[in-house]
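Shown below, as C-alpha coordinates, is a lone chain in the form predicted on its own; questions about how it binds or moves come after it.
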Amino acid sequence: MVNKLLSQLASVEILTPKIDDTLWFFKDILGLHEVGRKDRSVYLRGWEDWYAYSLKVTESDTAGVKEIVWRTYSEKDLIDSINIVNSNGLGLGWDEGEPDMGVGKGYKFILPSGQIGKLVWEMKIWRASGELRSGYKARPMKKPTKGVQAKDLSHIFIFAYNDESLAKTVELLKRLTFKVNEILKEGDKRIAYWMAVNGTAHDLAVSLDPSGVPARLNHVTFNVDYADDILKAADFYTDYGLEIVGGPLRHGITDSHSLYVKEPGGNVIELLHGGYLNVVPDWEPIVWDTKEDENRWLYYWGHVKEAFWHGSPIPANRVSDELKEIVRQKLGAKI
(Lines give C-alpha, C1' and ligand atoms only; values in the text may rest on other atoms or scores of the structure.)
Protein backbone atom coordinates (compact mmCIF):
# COMPACT_ATOMS: atom_id res chain seq x y z
CA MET A 1 0.00 0.00 0.00
CA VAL A 2 1.23 3.49 -0.87
CA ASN A 3 0.41 6.28 1.54
CA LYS A 4 0.35 9.52 -0.44
CA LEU A 5 1.08 12.32 1.98
CA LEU A 6 0.39 15.18 -0.43
CA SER A 7 -2.71 15.50 -2.56
CA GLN A 8 -1.82 18.34 -4.90
CA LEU A 9 -0.13 21.62 -5.65
CA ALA A 10 -2.66 24.09 -4.25
CA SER A 11 -1.24 27.53 -5.04
CA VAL A 12 1.84 29.54 -5.95
CA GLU A 13 2.75 33.07 -4.87
CA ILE A 14 4.80 35.05 -7.37
CA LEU A 15 6.42 38.49 -7.10
CA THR A 16 6.19 41.32 -9.59
CA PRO A 17 7.60 44.87 -9.78
CA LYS A 18 4.74 45.84 -12.15
CA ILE A 19 1.62 44.79 -10.31
CA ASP A 20 -0.92 46.54 -12.58
CA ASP A 21 0.65 45.23 -15.78
CA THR A 22 1.02 41.73 -14.35
CA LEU A 23 -2.65 41.71 -13.28
CA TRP A 24 -3.66 42.89 -16.75
CA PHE A 25 -1.81 39.91 -18.18
CA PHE A 26 -3.35 37.33 -15.88
CA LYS A 27 -6.89 38.74 -15.96
CA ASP A 28 -7.32 40.11 -19.49
CA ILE A 29 -4.98 37.86 -21.44
CA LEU A 30 -5.12 34.56 -19.53
CA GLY A 31 -8.67 35.11 -18.25
CA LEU A 32 -8.05 34.37 -14.57
CA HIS A 33 -10.70 35.51 -12.10
CA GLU A 34 -9.86 37.84 -9.21
CA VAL A 35 -11.25 36.67 -5.86
CA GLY A 36 -9.68 39.14 -3.44
CA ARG A 37 -7.02 41.65 -2.46
CA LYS A 38 -5.04 42.00 0.73
CA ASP A 39 -2.22 44.47 1.40
CA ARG A 40 0.07 44.24 -1.64
CA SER A 41 -1.32 40.89 -2.86
CA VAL A 42 -4.05 39.92 -5.33
CA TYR A 43 -5.64 36.44 -5.41
CA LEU A 44 -6.56 34.81 -8.73
CA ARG A 45 -8.05 31.53 -9.94
CA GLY A 46 -8.70 29.59 -13.12
CA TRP A 47 -12.24 28.47 -13.87
CA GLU A 48 -11.51 24.87 -12.82
CA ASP A 49 -9.28 25.44 -9.81
CA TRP A 50 -10.86 23.65 -6.84
CA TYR A 51 -9.91 26.08 -4.10
CA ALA A 52 -10.50 29.83 -3.75
CA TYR A 53 -7.28 30.76 -5.52
CA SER A 54 -4.30 29.13 -7.20
CA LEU A 55 -2.18 32.21 -7.86
CA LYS A 56 -1.22 34.94 -5.42
CA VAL A 57 0.46 37.93 -7.05
CA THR A 58 2.42 40.16 -4.68
CA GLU A 59 3.94 43.53 -5.48
CA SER A 60 7.70 43.63 -4.92
CA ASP A 61 10.83 45.18 -6.38
CA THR A 62 11.59 41.97 -8.28
CA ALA A 63 10.06 38.97 -10.03
CA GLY A 64 10.27 35.34 -8.88
CA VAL A 65 8.50 32.90 -6.59
CA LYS A 66 7.80 33.64 -2.92
CA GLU A 67 5.87 30.57 -1.74
CA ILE A 68 4.67 27.19 -3.01
CA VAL A 69 1.70 25.59 -1.22
CA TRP A 70 0.81 21.90 -1.17
CA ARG A 71 -2.27 20.34 0.41
CA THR A 72 -1.95 17.08 2.32
CA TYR A 73 -4.42 14.18 2.26
CA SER A 74 -5.36 14.49 5.93
CA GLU A 75 -4.40 16.18 9.18
CA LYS A 76 -2.29 13.14 10.09
CA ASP A 77 -0.51 13.37 6.74
CA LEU A 78 0.20 17.03 7.49
CA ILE A 79 1.91 16.08 10.77
CA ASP A 80 3.82 13.25 9.07
CA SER A 81 4.97 15.62 6.33
CA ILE A 82 6.08 18.20 8.89
CA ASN A 83 8.10 15.51 10.67
CA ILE A 84 9.86 14.73 7.40
CA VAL A 85 10.87 18.32 6.68
CA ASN A 86 11.91 18.82 10.32
CA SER A 87 14.03 15.67 10.24
CA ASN A 88 16.04 17.45 7.55
CA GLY A 89 16.26 20.66 9.60
CA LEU A 90 14.18 22.59 7.06
CA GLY A 91 11.14 23.63 9.10
CA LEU A 92 10.28 27.33 9.52
CA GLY A 93 7.13 27.14 11.65
CA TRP A 94 3.39 27.76 11.43
CA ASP A 95 1.45 30.65 9.95
CA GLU A 96 -2.19 31.56 10.60
CA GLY A 97 -3.38 30.70 7.12
CA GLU A 98 -5.94 32.77 5.26
CA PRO A 99 -9.36 31.88 6.74
CA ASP A 100 -11.14 34.46 4.58
CA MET A 101 -9.87 32.53 1.56
CA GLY A 102 -10.80 29.14 3.00
CA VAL A 103 -7.19 28.23 3.82
CA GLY A 104 -6.25 26.99 7.29
CA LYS A 105 -2.94 27.31 9.08
CA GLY A 106 0.10 26.08 7.24
CA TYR A 107 3.60 24.89 8.08
CA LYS A 108 6.38 26.67 6.22
CA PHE A 109 9.69 25.10 5.26
CA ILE A 110 12.57 25.71 2.92
CA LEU A 111 13.37 23.35 0.08
CA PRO A 112 17.06 22.42 -0.25
CA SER A 113 16.96 24.36 -3.53
CA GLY A 114 16.09 27.53 -1.58
CA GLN A 115 12.40 28.15 -2.36
CA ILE A 116 9.86 28.49 0.46
CA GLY A 117 7.20 25.80 0.63
CA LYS A 118 4.12 25.41 2.79
CA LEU A 119 2.07 22.38 3.86
CA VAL A 120 -1.68 22.79 4.51
CA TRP A 121 -4.53 20.43 5.30
CA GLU A 122 -7.54 22.67 5.96
CA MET A 123 -8.76 24.04 2.62
CA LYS A 124 -12.35 24.64 1.55
CA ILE A 125 -13.65 23.73 -1.88
CA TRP A 126 -14.64 26.92 -3.73
CA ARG A 127 -17.94 27.21 -5.61
CA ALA A 128 -19.15 30.25 -7.50
CA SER A 129 -22.53 31.73 -6.79
CA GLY A 130 -24.93 33.88 -8.76
CA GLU A 131 -24.04 34.67 -12.35
CA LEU A 132 -20.66 32.90 -12.12
CA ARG A 133 -22.23 29.54 -11.24
CA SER A 134 -21.85 26.99 -14.05
CA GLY A 135 -24.51 24.62 -15.32
CA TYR A 136 -21.82 21.93 -15.28
CA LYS A 137 -22.25 20.93 -11.67
CA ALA A 138 -18.69 19.68 -11.20
CA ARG A 139 -17.22 22.97 -12.43
CA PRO A 140 -16.39 25.49 -9.72
CA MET A 141 -17.42 28.40 -11.98
CA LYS A 142 -18.31 29.37 -15.53
CA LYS A 143 -15.66 29.79 -18.16
CA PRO A 144 -14.66 33.45 -18.51
CA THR A 145 -15.79 35.40 -21.55
CA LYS A 146 -12.39 36.97 -22.28
CA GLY A 147 -8.80 35.99 -22.71
CA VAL A 148 -7.36 32.53 -23.20
CA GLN A 149 -9.63 31.02 -20.52
CA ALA A 150 -6.80 29.36 -18.58
CA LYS A 151 -8.25 26.37 -16.79
CA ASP A 152 -6.25 25.63 -13.63
CA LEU A 153 -2.78 25.61 -12.09
CA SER A 154 -0.69 22.86 -13.66
CA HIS A 155 2.81 22.95 -12.17
CA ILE A 156 5.81 24.96 -11.09
CA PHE A 157 9.35 24.55 -12.40
CA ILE A 158 12.10 25.58 -9.97
CA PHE A 159 15.90 25.74 -10.06
CA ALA A 160 18.41 24.06 -7.73
CA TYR A 161 21.63 26.00 -7.27
CA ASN A 162 24.13 23.12 -7.31
CA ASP A 163 24.35 19.32 -7.63
CA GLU A 164 23.93 18.72 -3.91
CA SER A 165 20.87 20.96 -3.59
CA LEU A 166 19.27 19.21 -6.59
CA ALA A 167 19.87 15.75 -5.12
CA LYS A 168 18.62 16.78 -1.67
CA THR A 169 15.53 18.46 -3.10
CA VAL A 170 14.59 15.37 -5.08
CA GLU A 171 15.18 13.11 -2.08
CA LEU A 172 13.00 15.30 0.16
CA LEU A 173 10.21 15.40 -2.42
CA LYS A 174 10.34 11.63 -2.83
CA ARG A 175 9.96 11.26 0.95
CA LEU A 176 6.92 13.54 0.68
CA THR A 177 5.56 10.92 -1.80
CA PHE A 178 6.33 12.69 -5.07
CA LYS A 179 6.72 10.20 -7.92
CA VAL A 180 9.57 10.76 -10.38
CA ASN A 181 8.16 10.28 -13.88
CA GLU A 182 11.00 11.50 -16.12
CA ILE A 183 14.66 12.47 -15.73
CA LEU A 184 17.04 14.48 -17.88
CA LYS A 185 20.77 13.78 -17.78
CA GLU A 186 23.99 14.90 -19.43
CA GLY A 187 26.08 11.78 -19.77
CA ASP A 188 26.14 10.26 -16.28
CA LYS A 189 24.98 13.47 -14.56
CA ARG A 190 21.30 13.93 -13.74
CA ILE A 191 20.30 17.56 -14.23
CA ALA A 192 16.47 17.71 -14.04
CA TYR A 193 13.48 15.78 -12.70
CA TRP A 194 9.75 15.84 -13.54
CA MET A 195 7.64 14.72 -10.58
CA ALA A 196 4.03 14.51 -9.42
CA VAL A 197 1.81 13.72 -6.45
CA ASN A 198 -1.50 14.06 -8.32
CA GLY A 199 -1.23 11.38 -11.02
CA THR A 200 -0.29 13.75 -13.87
CA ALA A 201 2.98 13.71 -15.79
CA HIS A 202 4.23 16.45 -13.47
CA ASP A 203 3.03 19.07 -11.04
CA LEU A 204 6.60 20.03 -10.13
CA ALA A 205 9.90 20.00 -11.97
CA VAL A 206 13.34 20.89 -10.66
CA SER A 207 16.47 21.52 -12.69
CA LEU A 208 20.10 22.29 -12.01
CA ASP A 209 20.86 26.01 -12.41
CA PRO A 210 24.51 26.87 -13.07
CA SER A 211 24.09 30.36 -11.57
CA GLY A 212 24.75 29.04 -8.05
CA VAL A 213 22.00 31.32 -6.63
CA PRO A 214 19.36 29.62 -4.40
CA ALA A 215 15.59 30.10 -4.62
CA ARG A 216 15.26 30.83 -8.33
CA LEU A 217 12.17 30.21 -10.48
CA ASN A 218 12.03 28.92 -14.03
CA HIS A 219 8.29 29.18 -14.72
CA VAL A 220 4.71 28.70 -13.51
CA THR A 221 2.19 26.85 -15.68
CA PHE A 222 -1.56 26.87 -16.22
CA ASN A 223 -3.55 24.27 -18.17
CA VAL A 224 -5.86 25.18 -21.05
CA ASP A 225 -8.94 23.26 -22.14
CA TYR A 226 -8.17 22.83 -25.84
CA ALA A 227 -4.96 22.61 -27.87
CA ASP A 228 -6.28 25.49 -30.00
CA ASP A 229 -6.15 27.72 -26.92
CA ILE A 230 -2.37 27.71 -27.25
CA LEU A 231 -2.61 29.18 -30.76
CA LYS A 232 -5.17 31.68 -29.51
CA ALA A 233 -2.73 32.71 -26.78
CA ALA A 234 0.11 33.10 -29.30
CA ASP A 235 -2.07 35.56 -31.24
CA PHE A 236 -2.87 37.52 -28.07
CA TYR A 237 0.75 37.62 -26.97
CA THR A 238 1.95 38.88 -30.35
CA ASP A 239 -0.84 41.42 -30.80
CA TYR A 240 -0.31 42.89 -27.34
CA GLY A 241 3.49 43.07 -27.44
CA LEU A 242 4.33 40.22 -25.06
CA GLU A 243 7.55 38.28 -25.59
CA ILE A 244 7.03 34.65 -26.54
CA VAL A 245 10.14 32.80 -25.31
CA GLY A 246 9.15 29.29 -26.34
CA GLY A 247 6.67 27.54 -28.59
CA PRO A 248 4.18 26.69 -29.73
CA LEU A 249 5.89 23.34 -29.27
CA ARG A 250 5.41 19.76 -28.17
CA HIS A 251 7.52 18.51 -25.29
CA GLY A 252 9.24 15.14 -25.50
CA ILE A 253 9.19 14.95 -21.71
CA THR A 254 5.53 14.78 -20.52
CA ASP A 255 4.27 14.59 -24.16
CA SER A 256 2.34 17.88 -23.93
CA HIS A 257 1.73 21.01 -26.03
CA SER A 258 3.22 24.21 -24.65
CA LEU A 259 3.69 27.96 -25.04
CA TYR A 260 5.94 30.18 -22.91
CA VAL A 261 5.69 33.94 -22.49
CA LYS A 262 7.35 36.54 -20.27
CA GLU A 263 4.61 38.45 -18.48
CA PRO A 264 5.18 42.21 -17.94
CA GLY A 265 6.63 41.73 -14.44
CA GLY A 266 9.36 39.40 -15.73
CA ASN A 267 8.03 35.95 -14.77
CA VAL A 268 7.92 33.23 -17.41
CA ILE A 269 4.41 31.75 -17.66
CA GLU A 270 3.63 28.57 -19.56
CA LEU A 271 0.32 27.39 -20.99
CA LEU A 272 0.01 23.62 -21.27
CA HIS A 273 -2.35 21.20 -22.94
CA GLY A 274 -2.28 17.42 -22.71
CA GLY A 275 0.40 15.27 -21.18
CA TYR A 276 -0.16 11.78 -19.86
CA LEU A 277 -1.73 10.56 -16.64
CA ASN A 278 0.37 8.11 -14.65
CA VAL A 279 -0.95 5.97 -11.81
CA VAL A 280 1.33 2.98 -12.55
CA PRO A 281 2.51 1.81 -9.11
CA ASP A 282 5.83 0.30 -10.26
CA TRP A 283 6.72 2.97 -12.81
CA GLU A 284 10.39 3.28 -13.69
CA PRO A 285 11.33 6.87 -14.62
CA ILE A 286 11.92 7.60 -18.30
CA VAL A 287 15.45 8.94 -18.81
CA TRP A 288 16.42 11.39 -21.54
CA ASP A 289 20.01 12.25 -22.43
CA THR A 290 20.97 15.66 -23.82
CA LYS A 291 23.70 14.05 -25.92
CA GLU A 292 21.65 11.21 -27.36
CA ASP A 293 18.29 13.00 -27.57
CA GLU A 294 19.57 16.56 -28.09
CA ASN A 295 16.73 19.02 -27.31
CA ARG A 296 13.85 16.66 -28.15
CA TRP A 297 13.14 16.35 -24.42
CA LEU A 298 12.14 20.04 -24.44
CA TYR A 299 10.75 20.50 -27.94
CA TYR A 300 10.05 17.35 -29.94
CA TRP A 301 8.85 19.88 -32.45
CA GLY A 302 8.73 23.66 -32.18
CA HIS A 303 11.35 26.03 -30.79
CA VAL A 304 12.50 28.11 -27.81
CA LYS A 305 14.37 31.42 -27.66
CA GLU A 306 17.57 31.96 -25.73
CA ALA A 307 15.56 33.90 -23.12
CA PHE A 308 13.73 30.68 -22.20
CA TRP A 309 16.83 29.21 -20.60
CA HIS A 310 17.15 32.08 -18.15
CA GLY A 311 13.72 31.46 -16.62
CA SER A 312 12.27 34.08 -14.26
CA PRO A 313 14.66 34.11 -11.31
CA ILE A 314 14.99 36.63 -8.54
CA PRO A 315 18.32 38.38 -9.24
CA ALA A 316 20.84 37.79 -6.48
CA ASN A 317 20.91 41.50 -5.63
CA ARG A 318 17.11 41.58 -5.21
CA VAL A 319 16.66 38.63 -2.83
CA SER A 320 15.06 39.76 0.43
CA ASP A 321 17.21 39.94 3.54
CA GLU A 322 14.79 37.53 5.25
CA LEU A 323 15.25 34.85 2.58
CA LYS A 324 19.03 35.38 2.55
CA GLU A 325 19.13 34.70 6.29
CA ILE A 326 16.91 31.60 6.03
CA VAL A 327 19.10 30.22 3.24
CA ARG A 328 22.22 30.90 5.31
CA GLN A 329 20.87 29.30 8.48
CA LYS A 330 19.05 26.32 7.00
CA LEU A 331 21.11 25.48 3.92
CA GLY A 332 24.51 26.93 4.75
CA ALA A 333 24.45 28.79 1.44
CA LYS A 334 25.10 32.43 0.68
CA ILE A 335 23.26 34.73 -1.69
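Bear in mind the structure is a predicted one, so any value in this text is a computation, not a measurement. Counting begins at 1, following the sequence as shown.
What comes next is about the form predicted in complex with a further copy of the same chain, which does not appear here.
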| property | result |
| --- | --- |
| Non-hydrogen atom within 4.5 Å of a further copy of the same chain in the predicted complex for each of 73, 146 and 200 | yes |
| Contact of residue 275 with a further copy of the same chain in the predicted complex (heavy atom, 4.5 Å) | yes |
| Residue contact check: residue 182 to a further copy of the same chain in the predicted complex, 4.5 Å heavy atom | yes |
| Residue contact check: residue 29 to a further copy of the same chain in the predicted complex, 4.5 Å heavy atom | yes |
| Residue 210 within 4.5 Å of a further copy of the same chain in the predicted complex, heavy atoms | no |
| Heavy atom within 4.5 Å of a further copy of the same chain in the predicted complex - the one residue of 95, 171, 228, 164 that qualifies | 228 |
| Which of 101-109, 81-89, 115-123, 155-163 lines the interface with a further copy of the same chain in the predicted complex (heavy atom within 4.5 Å) | 115-123 |
| In the predicted complex: members of 133-155 within 4.5 Å of a further copy of the same chain, any heavy atom | 134, 135, 136, 137, 138, 139, 142, 143, 144, 145, 146, 147, 148, 149, 151 |
